[in-house]
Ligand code: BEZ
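One chain is shown next in structure tokens, namely the form predicted on its own.
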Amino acid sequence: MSHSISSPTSLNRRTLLMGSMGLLTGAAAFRFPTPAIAQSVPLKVGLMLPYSGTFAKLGKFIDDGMRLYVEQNGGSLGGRRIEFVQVDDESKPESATDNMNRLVGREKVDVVVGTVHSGVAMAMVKVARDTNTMLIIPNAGVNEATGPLCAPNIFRTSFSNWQVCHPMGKVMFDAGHRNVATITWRYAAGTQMIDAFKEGFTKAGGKIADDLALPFPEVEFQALIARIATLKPDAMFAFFAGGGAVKFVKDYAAAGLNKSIPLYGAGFLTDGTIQAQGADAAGIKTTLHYADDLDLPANKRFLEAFKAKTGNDGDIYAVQGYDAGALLKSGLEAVKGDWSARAAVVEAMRGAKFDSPRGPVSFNKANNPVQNVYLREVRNGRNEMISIAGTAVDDPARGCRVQA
């Protein structure tokens, strides 16, 4: 069940539950039968994702993945019926606070799932911290969310920007590359992914020839591609996603650089974009916490079910949405659907371990996934696994001090 953010809402049960909690505080020996009450009303899940713009396809696949998980569980998680309220964040940080406040304040959602763009996610994190609203991030890898701004009510089912790019530094050095240039958009995700790669690459002994960047979401790459041709580095490391990734890969190939300067990147360079990139993507190597051909029973089941539901081939975005459902189920099952038992919900979610389509997933002290990072190469129109670049990679959660 779902409705858009503009739909009217009735008096929400959170008010009732909060009132019950206040009475419980004053009379600890007495407890209302809140699980039974809770199960009679749906848990409202706000989906704050990009449904238009550069990242529209990514947002749609996250949405489809989470809805698939809920449908596979009969429309309920932990005995609690799920109702969706969705809002298009358009990947616009300037609108993010208002959108988040409308979900939390007007729609009275119990949990928010979002988003893709790291700048938007930062605003969402601030509102979640200020209001103690449960937030599950199904994509944005901005390090701060599970770093300095970590909180018990903020979880991620995706990755940190550091986590998926740091292993590539050693991979490229071991491949014989010593002098490498980087290119990305100039915004939080781009900067952090490039920095993580550089940390791994320079630690291994490599040198950075130049860092190239342009403002998000610009896609006029010609001047920077000319710069790459002049630099002649051993290889390039890039981060782009969505429509920008399609344009960059095609422009890079059109300039002939793919024949002389191998292109590497964060997995988003080719994830969800290969069909549009076509033959120009062949041979690109990336690191990510998923590969299309992972030979895992959970992945095979997921891909079959996602294809049957949507007609599309599943990808990492769909997996991250799917796992947001799995994480939410872990919390709800532990309290038999009683969302007001928040401490127990958080404890169960932090202790969650499940076999994701991406492989084994658990969570660290900052509520960030601990997971494998794979080296993939574009072959036969897919991101096929070459090897595991890092096993059970755990983000260092630098600056995270909230543990309770």
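Note that residue numbering follows the sequence shown and begins at 1. Note that the structure is a prediction, hence the values are computed from the model and not measured.
Below, we refer to the form predicted together with the ligand, which is not included among the displayed structures.
- Just one listed stretch, out of 66-74, 359-367, 343-351, 53-61, contacts the ligand in the predicted bound form at the 4.5 Å heavy atom level, and that stretch is 53-61.
- Contact check for residue 265: every heavy atom lies farther than 4.5 Å from the ligand in the predicted bound form.
- The ligand is not drawn, but in the predicted bound form it has a heavy atom within 4.5 Å of residue 141.
- Remark: residue 161 counts among the residues lining the ligand in the predicted bound form, judged by a heavy atom distance of 4.5 Å or less.
- Mapping the unseen interface onto this chain, residue 317 counts among the residues with a heavy atom inside 4.5 Å of the ligand in the predicted bound form.
- Using a 4.5 angstroms heavy atom cutoff to the ligand in the predicted bound form, all of 117, 187 and 239 count as contacting.
- Exactly one listed residue, out of 145, 193, 113, 328, brings a non-hydrogen atom to within 4.5 Å of the ligand in the predicted bound form: 193.
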